[in-house]
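Take a look at this single chain in structure tokens; it is the form predicted alone.
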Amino acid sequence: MSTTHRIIAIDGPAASGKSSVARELARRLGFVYVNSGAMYRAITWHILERGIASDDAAAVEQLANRTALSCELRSHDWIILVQGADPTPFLWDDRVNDNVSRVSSVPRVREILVEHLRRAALTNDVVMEGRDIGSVVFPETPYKFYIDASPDIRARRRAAQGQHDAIAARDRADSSRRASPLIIAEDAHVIDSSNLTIDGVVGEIIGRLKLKGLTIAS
């Protein structure tokens, strides 16, 4: 995909801290923040609202094909609307947590959402976070980062957020799916956030971006 806009890809497993890091990085740089996981959660919410089982791949694909999706920019955040509705208040409900990995594994769902994710960079400089941003969505960007943390730290972070999905099971699902599995892009810079603050991780990323020639406004 050809774009003149700058794309910073931040990937990593659940509760690695990538969302907080990506949002703060986007704020500091004045870029648009795109949370790809929120988009998969939005589709999952819609599917569950329609009474479709997340493990019925054929039904999930059929509904995804006929669902109207649109995106809009709100205060530098890229927000997805499903059939004109904003599902944001429901994206971290337990039922969405429990089903998003299965919905995300459906290849057609990923195809549809990758197209929408790429559109964000047609008109904006973006910090985009997810699980396949550097490997699939924008493999050509020179600005790739992979944020990780120990399983124990990630489990504690998840619990502190009031969420109870099993980190180990989510890791297995994300890493073993056939469509765009969670992997570390070969040219990504890996950061272990286990013992770092958000500011610490963001600072390391900004340092790397400067080394790669990205102009950072002071």
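Since the model is a prediction, treat every value here as computed from it, not as a measurement. In case it trips you up, residue 1 is the first one in the sequence shown, and so on.
Separately, the form predicted together with 2'-deoxycytidine-5'-monophosphate (DC) exists; it is not shown, and the next lines address it.
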Though only this chain appears here, would Ser36 touch 2'-deoxycytidine-5'-monophosphate (DC) in the predicted complex if you measure heavy atom gaps against 4.5 Å? yes
So in the predicted complex, does Arg41 come within 4.5 Å of 2'-deoxycytidine-5'-monophosphate (DC), heavy atom to heavy atom? yes
May I ask you to check whether Asp174 falls inside a 4.5 Å heavy atom distance of 2'-deoxycytidine-5'-monophosphate (DC) in the predicted complex? yes
Please determine whether Arg28 contacts 2'-deoxycytidine-5'-monophosphate (DC) in the predicted complex, using a 4.5 Å cut-off between heavy atoms. no
Contact residue in the predicted complex, from Ser101, Thr141, Asn124, Thr88 (heavy atom within 4.5 Å of 2'-deoxycytidine-5'-monophosphate (DC)): Ser101
Check for me: heavy atom within 4.5 Å of 2'-deoxycytidine-5'-monophosphate (DC) in the predicted complex, for each of Arg6, His189 and Lys212, yes or no. no
Of 129-137, 80-88, 144-152, 67-75, which is the one stretch near 2'-deoxycytidine-5'-monophosphate (DC) in the predicted complex, taking non-hydrogen atoms within 4.5 angstroms as near? 129-137
